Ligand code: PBG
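Here we start with a single chain on its own, the form predicted alone, put down as structure tokens.
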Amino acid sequence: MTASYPAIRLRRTRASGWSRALHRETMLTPADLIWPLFVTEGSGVEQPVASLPGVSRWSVDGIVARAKEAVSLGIPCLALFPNTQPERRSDDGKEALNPDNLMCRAIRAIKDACGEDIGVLTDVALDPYTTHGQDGLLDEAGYVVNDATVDVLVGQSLNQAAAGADIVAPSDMMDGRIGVIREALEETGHANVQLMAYAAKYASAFYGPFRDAVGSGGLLKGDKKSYQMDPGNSEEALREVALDIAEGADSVMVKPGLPYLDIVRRVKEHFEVPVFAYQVSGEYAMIEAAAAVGAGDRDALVLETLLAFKRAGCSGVLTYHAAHAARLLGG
């Protein structure tokens, strides 16, 4: 039987490896990755994080070694998170303002060793510095207050910028903090420091291993639902992103990652701005657990999930698999 129309066979272009490569719509490279790293006190220290197999806390010298590794792999940026010593934590998180805190020492060490070969992104929030594990200051009723917290976040951002941070990334989800931080950076000679806003950060069940890594998990009193977003909401995410862009954010983030790819897509299509996603600790741990029991090939799982972020519209992805993925990609 002869068809009266051309035989449309979409499988033709899938028949060989060279053709699949030629027709591939979405590409993943090491330049799409940001590597989150945990900083701890000491020298020559590596502390494996039990709930994050393959991830460790590193002393500053170890962080510098990771930075050099990232440069060699073609990873363009590191994201730093401190594991603050218990004696340096307080209800008001004042260690965040210390110009010689862990974060600032790590920033300076990376910049001294690598210069402009790699970017440094720093977390702006108080949970690594507070005794109660919340991202902001508490009133007498235990409610995280907004404006007083923002005042501290401004000081924290300026502290990190002065140490050499290239991107400050407020992850706290307080209202109005992007505009105030942007203004403060402009007024203090840090006009070229980028702001990546955690614009749509959800109150997620996927953050547990991260809180272990920064030492806030066992300290957290209550939850973070009064400031992080409800997982059932997507229109609200667009409102959050619109506000952060209007206030001066250079890029925005959706967090967590894979469970919120619909949010990534909506944000990218609606605003056409650089959108990043954080493949958070729980997502990483699930991939590692699946691979450990033979439920999937680790390398394939890593690359497929990261490609999904790019396909959804991400400019880049924060992932603990960054170094491994970069090696797989030939970095």
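Worth saying up front: this structure is predicted, and the values here are computed from it rather than measured. Residue indices: 1-based, along the sequence shown.
Keep in mind the form predicted in complex with the ligand is missing from the figure; the text below concerns it.
Residue contact check for Lys255: one or more of its heavy atoms lie within 4.5 Å of the ligand in the predicted bound form. The ligand in the predicted bound form is approached by Ser281, whose closest heavy atom lies within 4.5 angstroms of it. By the criterion of a heavy atom within 4.5 Å, Tyr320 is counted among the residues contacting the ligand in the predicted bound form. In the predicted bound form, Thr84 stays away from the ligand, with no heavy atom inside 4.5 Å. Heavy atoms of every residue among Ser171, Arg211 and Gln228 are located within 4.5 Å of the ligand in the predicted bound form.
Contact annotation: of the candidates Asp123, Glu95, Glu240, Asp166, the single residue with a non-hydrogen atom within 4.5 angstroms of the ligand in the predicted bound form is Asp123. Only one of 137-145, 231-239, 199-207, 102-110 places residue heavy atoms within 4.5 angstroms of the ligand in the predicted bound form, namely 199-207.
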